[in-house]
Structure formats: structure tokens, C-alpha cells
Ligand SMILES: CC(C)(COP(=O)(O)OP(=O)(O)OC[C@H]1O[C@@H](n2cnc3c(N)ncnc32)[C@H](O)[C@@H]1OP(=O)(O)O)[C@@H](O)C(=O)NCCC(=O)NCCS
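The chain below stands alone, shown as C-alpha cells; this is the form predicted on its own.
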């Protein structure tokens, strides 16, 4: 306020990521994300154009009411960027499935995704356990969603960069498959990602051509085939999901 006359905010995680890169690139101390309900502000706020920005940023022209802060999220610096939960606010529940930010207690399930031969059937085979354990601290943060049923983590959906796109991946433990959990949760996650990244045009997902159940899941939830190629020695199919897909009610 003293330096600029307003409090600079972000509307959507695309703008959060942009500000972390531009303003906090040299910062290593932990940060705290404040989630603000603009309807609770007594100070004036407005959207302002910012040079070179894809869309306007919200600015609060006055003190920030504590009652307007409806949630907070810790942000920590990692070697390859900032780690912070995307689940702010929470994704709506999809039937019996609770969707939340992946966290440390979920590691045993996440480790199975990396090293379990059955879960890696269409993912190039099991990963090295020692290497998986060495990467443990970097497995959480933006784009890591745990699927929980009756208080138990039963799988994950992740959203990670792939070249110029964001790639969606997913897994449900074998003992919980066949109950529609992934089909219920996936549209909730993708709708949320589009809602929090207004400039995002599409998401992509890649699965082996031989993975018929995965392909059926994607096609049944609105994804369309985009490309075919060979990766990790196996034929792959890339699917795309456009922002134009109707929002799940």
C-alpha cells in the first residue's frame, strides 16, 4: 500500500504462478497465500490492465479486511519452483470420493504408483524404489490431488507441465478399481483447473494405446484423441480436453 497505493492480488492460479516467477524468483523464505472473498472487502477493488499480462489483475485499494481472508495456504521454495496446494478452495465432492491436496501421509499410496508392477503395466514398468524414495519430498504441491473414500486414500489425479501443455494423469489402486471413482473425480478436477486458470485452452492426457480401460475413461468424460506416437518403446495416444466442454453440474 505504501509503495504502490494498492494491494496486488491474483485471480486464478495462472496469475499466482506468474507472480511467483516475476516477483518472487529470488525469494527463498516461505510465503503464505491468502484467499480473499471480494464480497467481504470494505476497501475498493478493481481489475486493472498490467503491461504484457494476458488479462487484468485484481487490485485492492485500501486495507485488507481480515474477515475477507477465507483461507490460507503455505508456499515453500523447492529447487524447481514454488510448492503450494492448488486445492484452495476445495474441489466439490464427487459422490463418495473426496478430492483434496495430496500430502505426506499419502506417500505409501503414491509410492505404489511409482514402483508397483501391476500399476505400472502401461507406464513402462516399475520404477526404482530407491529413486522414488529420494524424490519423496518433491511429490506434493501444485497439481497433486488425492482421491479419498471413507477416510482412505485410494488414488491420485495429477496435473503437471508437459512441454507447453498441462498433462493430467490418474491412478486408482487395483483393490478400488471398477467402482467409478476415477470417472467421478476426473471431471471435477479438470473443471476446477479450468476455473482457476482462465487462460488455459486445453489439458492433455497420454495413455498407452493398449490401455483400453484408460482410453474408455477419457473418452467417456469428454476427451478426444489428439495424436499418436511412440514413447518409452510403446505406442501412445494423446487426448485433449478443451475448455469448451460443459461444466459438470
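Positions refer to the first chain, counted from 1. Please read all numbers here as calculations on a predicted model, not as lab measurements.
The following text describes the form predicted together with the ligand, which does not appear among the structures shown.
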| item | value |
| --- | --- |
| Site test, 84, 111 and 159 vs the ligand in the predicted complex, non-hydrogen atom cutoff 4.5 Å | no |
| Partner-proximal stretch of 189-197, 213-221, 42-50, 59-67 relative to the ligand in the predicted complex, 4.5 angstroms, heavy atom | 213-221 |
| The ligand contact in the predicted complex: residue 177, any heavy atom under 4.5 Å | yes |
| Exercise: residue 90 in contact with the ligand in the predicted complex, heavy atom 4.5 Å | no |
| The ligand contact at residue 123 in the predicted complex, heavy atom, 4.5 Å | yes |
| Close approach of residue 119 to the ligand in the predicted complex, 4.5 Å, heavy atom | yes |
| Sole residue of 171, 75, 132, 99 within 4.5 Å of the ligand in the predicted complex, by heavy atom | 171 |
| In the predicted complex: members of 180-198 within 4.5 Å of the ligand, any heavy atom | 180, 181, 182, 183 |
